[in-house]
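In the block that follows, a single chain appears as structure tokens, in the form predicted on its own.
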């Protein structure tokens, strides 16, 4: 299937092939951002237009998009409210390095949705994660952080550490890092409370940075009581707890942590929060904000090293306000989650009918299947469960028949533009693919 579908892809996409060859003259690996070649394809698919859940490529093919920019377009491509905001606000100026009146309303909306009172804007969630680690180290006086094995927090160097094989080491793929990151980062397995407690009891960890559900190595759900233990242990040891909800914003209006009533010291999220325009946020509790203010008052003049010129721009604030008001509402989420449940059931039926040893997991409007019978308990188990040849075969098969899923794993999103017809289309093609894989 891999070989056949690769040949079919080449036959279907001569214009994308030509564009790829031409782009290679000027772009590293032939693309504006090198992840764009990580789709397991002979060459990248060049997209001319994205609207709702429909992509149109350079060769004129249309696709139903369940990837949605790997969450960046979680509310659909170019939704009307976002395009209207862009047209209106662009004529009034994009950035001034001064606050706009929208900042006042956005702050109120963020506290209402997520329960934290103090916020800052960055360009990406990676930037936001770097910032919260810096603030946590500053106010605690501790140098170390803790992450979970096979976590994903963007391109933050400190988090590129793994504990596979029982020994903590830097991730092999990390480019150009001169420091030994293991001197600053502790790694334990998700859902391992004794290991977490042992790592925190030393009292040298400034911050635990965690997704409340691991999402980039398949989906790993928290075991019953794990997040409660995480919250209790960080509080007892004076460790700042920050949840990176960039991928789990699909869970509820206030993210996953708020939906299960766990209150962190800080939150980070990006990707869809400005409708696809680069923007991210990090927020803190009142206590952490007070400690930051005291720290700033105690130090001398000079740059903090936290923040960039285009962060908090007029256009970011206007778009964030639009997304919070128009899309981060209970009715929108209820509709998305209802349809995601339909997708989950359809995938489960396809798996169960022939007795395949696979499973499907859903978190809010985010659905994913893995080629193992039971959900993995931690990042290491999840990393061992990934079946790259089957995943790649499924991705190619779906793409050649007009359906896009996330390339790095088997993740699908439902957005306000997704319909039951789109879900049925996916299930029908997925079933045909699975049937052929068994023969």
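Numbering follows the first chain given and starts at 1. No experiment lies behind these values; they were computed from the predicted model shown.
Only in words, not in the display: the form predicted together with a small molecule, which the text now covers.
Using heavy atoms and a 4.5 Å limit, would one call residue 259 a contact residue for the small molecule in the predicted bound form?
No, residue 259 stays farther than 4.5 Å from the small molecule in the predicted bound form.
4.5 Å heavy atom contact, residue 211 and the small molecule in the predicted bound form
So residue 211 counts as contacting the small molecule.
Please determine whether residue 285 contacts the small molecule in the predicted bound form, using a 4.5 Å cut-off between heavy atoms.
Although the small molecule is absent here, residue 285 would stay clear of it in the predicted bound form, with no heavy atoms inside 4.5 Å.
Though only this chain appears here, would residue 362 touch the small molecule in the predicted bound form if you measure heavy atom gaps against 4.5 Å?
The answer is no: residue 362 has no heavy atom within 4.5 Å of the small molecule.
Position in contact with the small molecule when the complex is considered in the predicted bound form, options 153, 314, 186, 77, heavy atoms within 4.5 Å
So the residue touching the small molecule in the predicted bound form, by this definition, is 153.
Which residue, 240, 274, 219, 125, is the contact with the small molecule in the predicted bound form, using a 4.5 Å heavy atom cutoff?
For this set of options, the contacting one is 125.
With the small molecule left out here, work out from 288-296, 83-91, 223-231, 244-252 which stretch has heavy atoms within 4.5 Å of it in the predicted bound form.
Looking at the other structure, the answer is 244-252.
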